[in-house]
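Consider the single chain below, provided in structure tokens and representing the form predicted on its own.
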Amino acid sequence: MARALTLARRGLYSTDPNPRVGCVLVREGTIVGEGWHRRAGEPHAEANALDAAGARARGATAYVTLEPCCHYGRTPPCTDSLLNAGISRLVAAMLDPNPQVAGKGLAILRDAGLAVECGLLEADARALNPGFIWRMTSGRPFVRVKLAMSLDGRTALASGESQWLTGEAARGDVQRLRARSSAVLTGSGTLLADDPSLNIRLPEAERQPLRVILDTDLRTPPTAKTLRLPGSTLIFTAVADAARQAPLRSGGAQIAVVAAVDGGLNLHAVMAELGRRECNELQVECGPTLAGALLQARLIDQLVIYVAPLLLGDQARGLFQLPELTQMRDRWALELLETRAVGRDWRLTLRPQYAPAAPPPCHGADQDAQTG
């Protein structure tokens, strides 16, 4: 199963919107075939492993990182392929959260007389596909917010200058996070201040993520750099005026109209639409206003914060724009998942610990500028 997980990771940048899956076939203690899912529309991991094994698959055990599918999609059901190949046992790391499968694949194999087990290295398998799992269970993407700060918790000078707060190694690390994401999102304030590309500049990247801009008042200029790059750009706005939208549509942008809430966009509606568009992992790169709005809306699933060994002083800009707290019991709690050195900087991976209460309203979700 560990080998199957290693194979699945080869699809980290390419399988979207499908999950990353690996499969290993073992017969009499020897690996007779292995494979992984490369990209949507191509054979699944099980089919590739069976093809590699040929006749040696009969009587083998299949180790697969995700329950085999049992429905017709872009490809035939993997359960049919496994049964036709004559495997005798199947070990899955986890159930498929897709409601079209969700245990049905294992039941089909079990009813056909196979020995079936599930749960081996499940935590590792789940960690490989957080976006797919989250979209299938909640209807929205897994939201990862990337931020950068100085050692004193500042993201930019008071003037807004922030390039470059972090070093080259950290910026390369961000490229890899983008490459595994379905979409990269920012606010119009960041767009106007920095004119970011929001694209992937890695030679191993096989696709570009959807570029998403939150722009309540439709301030995005048709000359924005991100509109001139290969791939798709989606602008969320509260402006339904077709005449105001026309220059951006002519420049190749897609536009989705959602309701405004307290001066910003309805962030839950934005996430629901991205889920409908099959976005698994969403990378957010923004300034303090949007970061604070997402946190208050309880829409941040993971924080990735790069800490630079620099001091910017108490007049510089902060990390989150949040309402003043009057009691320590109201503080925002975070669980530290990982600390890692990246070049001269540190990368902190954290998970917000939301209290069991109704989400507060979102405010000003697109007014801020990008951090370093």
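Keep in mind that what you see is a predicted model, and the values were worked out from it rather than measured. We number the residues from 1 along the sequence you see.
The protein also exists as the form predicted in complex with a small molecule; that form is not presented, and the subsequent description refers to it.
Peer 1: What stretch, of 93-101, 212-220, 178-186, 287-295, brings heavy atoms to within 4.5 Å of the small molecule in the model of the complex?
Peer 2: Single hit among the candidates: 93-101.
Peer 1: Answer for Leu50 alone: is it within 4.5 Å of the small molecule in the model of the complex, judged on heavy atom distances?
Peer 2: Leu50 lies outside the contact set for the small molecule.
Peer 1: So in the model of the complex, is the small molecule close enough to Cys78 to count as touching (4.5 Å, heavy atoms)?
Peer 2: Yes - in the model of the complex, heavy atoms of Cys78 and the small molecule come within 4.5 Å of each other.
Peer 1: Answer with yes or no whether His71 is in contact with the small molecule in the model of the complex, where contact means some heavy atom within 4.5 Å.
Peer 2: The answer is yes: His71 has a heavy atom within 4.5 Å of the small molecule.
Peer 1: At the 4.5 Å heavy atom threshold, is Gly11 in contact with the small molecule in the model of the complex?
Peer 2: Flag for Gly11 set to no.
Peer 1: Have a look at Ile108, Val261, Ala256, Met136 for me and say which one sits with a heavy atom within 4.5 Å of the small molecule in the model of the complex.
Peer 2: None of the others qualify; the residue that does is Met136.
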